[in-house]
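Shown here is one chain on its own, the form predicted alone, set out as structure tokens.
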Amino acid sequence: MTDAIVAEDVRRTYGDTAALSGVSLTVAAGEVFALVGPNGAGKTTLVRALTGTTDYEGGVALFGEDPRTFDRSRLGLLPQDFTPHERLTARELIAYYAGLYDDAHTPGRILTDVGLTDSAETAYEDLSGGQQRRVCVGTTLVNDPDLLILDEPTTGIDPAGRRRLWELLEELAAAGTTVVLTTHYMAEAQRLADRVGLLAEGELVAVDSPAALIDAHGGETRLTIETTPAPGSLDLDLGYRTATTDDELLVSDVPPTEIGTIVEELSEEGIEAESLSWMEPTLEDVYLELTGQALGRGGEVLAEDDEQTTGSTRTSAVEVKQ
């Protein structure tokens, strides 16, 4: 089967700024592929190159064809910055875009798919930001595209609306639609994508499945236990590497099945576990490891020294005991 997307050494510069520095990737037909990275990483420029809507150097093919002449009825594209006619209702907007195709889904079906049936007669300008974004996603689905490319589709959408769109994208993928999305929400990429491409400063630094990236670059699991007495004076051999802060015991690379055993060992030593948490590494940890940059809650890049402000599972200033 022909690959949905093949990009080879794609480059794009704006003056002295290199927005893309030789990006190569392949997306298989029927795959969900996520491009992740902070604002300014090059995600939008790459989307424009892949869809033939900006000049670029290198090679790009969509189902074996030049993206600039590719049959647009097979493509659904949501740019990051897209504002339709604000005085039209959600239903009127979907109907307008459906009217551009000979064989399109009905507005009612699309409104149901994006969870806006109850707001169908509301003017776009009166919808919430999240509802507006869902309307925009709906306009890309009217032609039942073979290839759906979404540039940060869930930005500004509330958690419930985001989950609804995730479910919709999973349904589309299960039916055979190729989906490419950009996002700075690592949880979104981790849930939806068959493979993830990590983009930083115009370069693709890694491509693989979320699980493989985490296994290779995410680091260890971390069990954090608040104890009585305070752990700073504890001298324990739990069979795992441990570290202490002023009020917590940290145990690295512990499988969840062994948490109970560790708590029992502490109890036998007269140490009570006041609270505990077990955390796995995530794609955000992978991104930090490979680029030295952490993603803030809004997707902004933070220097590695600012990591503690992002809610990362990593802990600094610990006293390691081998």
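Residue numbers run from 1 along the displayed sequence. All figures in this text were calculated on a predicted structure; none of them were measured in a lab.
There is another form of this protein, the form predicted in complex with adenosine-5'-diphosphate, and it is not shown here; the text below is about that form.
- Proximity to adenosine-5'-diphosphate in the model of the complex holds for all of 38, 42 and 45, with the criterion being a heavy atom within 4.5 Å.
- When adenosine-5'-diphosphate is considered in the model of the complex, residue 23 lies well away from it, no heavy atom lying within 4.5 Å.
- Although the partner is absent from this view, residue 19 contacts adenosine-5'-diphosphate in the model of the complex, with a non-hydrogen atom inside 4.5 angstroms.
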